[in-house]
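What follows is one chain in structure tokens, specifically the form predicted on its own.
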């Protein structure tokens, strides 16, 4: 694990955003700066952190963790469904196929949990038993493993909006995607989740739930895009102690960005109202959790130079012929 002092040094050098002339047309997502040019998308994963659909600030080394972890999982799951990865010229950069995103995110849940207003557990404890077309049994407890993983799709909101959890039937009724495309994404998502659960379990980790995004490439094929099984798109718990904590009704030991969500929720912020400013202590602790997740899941040691990331990224892109 990288020393805490190294994380502290990086607090003043986090990557909030980029603006690189000559790289192509720029689109900023919540976390990634996307440049489109010549049929390729150059994705720079910044250190921005978002929760409750709000950008909250930056976390040191977060972008590198997300980018390198996505690369790890793209390599491990390419046999299940194709993905958009082409090259990785910098720890924070992924060069991908330019795709047309499909406006549905596929959420796969193996456990019933969460603290947000949109979480499966919040809906369940409020009496809802039909969640996105999945009929849930009576008597479930928070953090309980479901008999079978369920798919709970979300419509992708416009920039700055909020995603909406819906059922397959509602998606088809609104003609957001065709039934054939939906079934392909749903089947692939369940297989990707199954593979993620298998690999994580070998490391003593539970992949609780996760999100997948898909796009259509220039040949019309539906492939996996964005990221996969990172702490931003997924929830992870330690397997050791899960049963004991579940039986006692206490919080699971987490290695995902739920730490930041809970810190905000404890201060009354769940997406609306005044957003508390993340303290340096929270930013450092969150960075350690991201790095810990990377090392535990991949088995690789995390390493990065502190200091000016923008210059490093620009030099690596120029060396790779992208600038």
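Since the structure is predicted, the reported quantities are computational estimates derived from the model, not experimental observations. What we label the rigid core is the largest C-alpha set whose atoms superpose within 1.5 Å from one form to the other. Positions refer to the first chain, counted from 1.
One more form of this protein, predicted together with a small molecule, exists but is not displayed; see below.
**Q** Just checking whether residue 264 would be counted as a contact of the small molecule in the predicted bound form - the rule being heavy atoms within 4.5 angstroms.
**A** Contact check for residue 264: no, nothing within 4.5 Å of the small molecule in the predicted bound form.
**Q** Evaluate residue 37 for contact with the small molecule in the predicted bound form, applying a 4.5 angstroms cut-off between non-hydrogen atoms, and reply yes or no.
**A** No - in the predicted bound form, heavy atoms of residue 37 and the small molecule never come within 4.5 Å of each other.
**Q** At 4.5 Å between heavy atoms, is residue 289 in contact with the small molecule in the predicted bound form?
**A** It does not: once the small molecule is placed as it appears in the predicted bound form, residue 289 has no heavy atom within 4.5 Å of it.
**Q** Just to confirm, residue 145 within 4.5 Å of the small molecule in the predicted bound form by heavy atoms?
**A** The answer is no: residue 145 has no heavy atom within 4.5 Å of the small molecule.
**Q** Heavy atom within 4.5 Å of the small molecule in the predicted bound form: which of 109, 168, 235, 97 fits that? Just give me the one.
**A** The option sitting close enough to the partner is 97.
**Q** Name the residue from 276, 29, 57, 271 that puts a heavy atom within 4.5 Å of the small molecule in the predicted bound form.
**A** Partner contact (heavy atom, 4.5 Å) among the options: 29.
**Q** Can you tell me which of 169 to 177, 221 to 229, 118 to 126, 133 to 141 lies within 4.5 Å of the small molecule in the predicted bound form, counting heavy atoms only?
**A** Flagged stretch: 221 to 229.
**Q** So that I can tell if residue 296 moves, could you say whether its C-alpha shifts by at least 2 Å between this form and the one not shown after the core superposition?
**A** No; that C-alpha moves by less than 2 Å between this form and the one not shown.
**Q** Does residue 51 move its CA by 2 angstroms or more between this form and the one not shown when the core is aligned?
**A** Where the cores coincide, residue 51 still shows a C-alpha shift between this form and the one not shown that is 2 Å or more.
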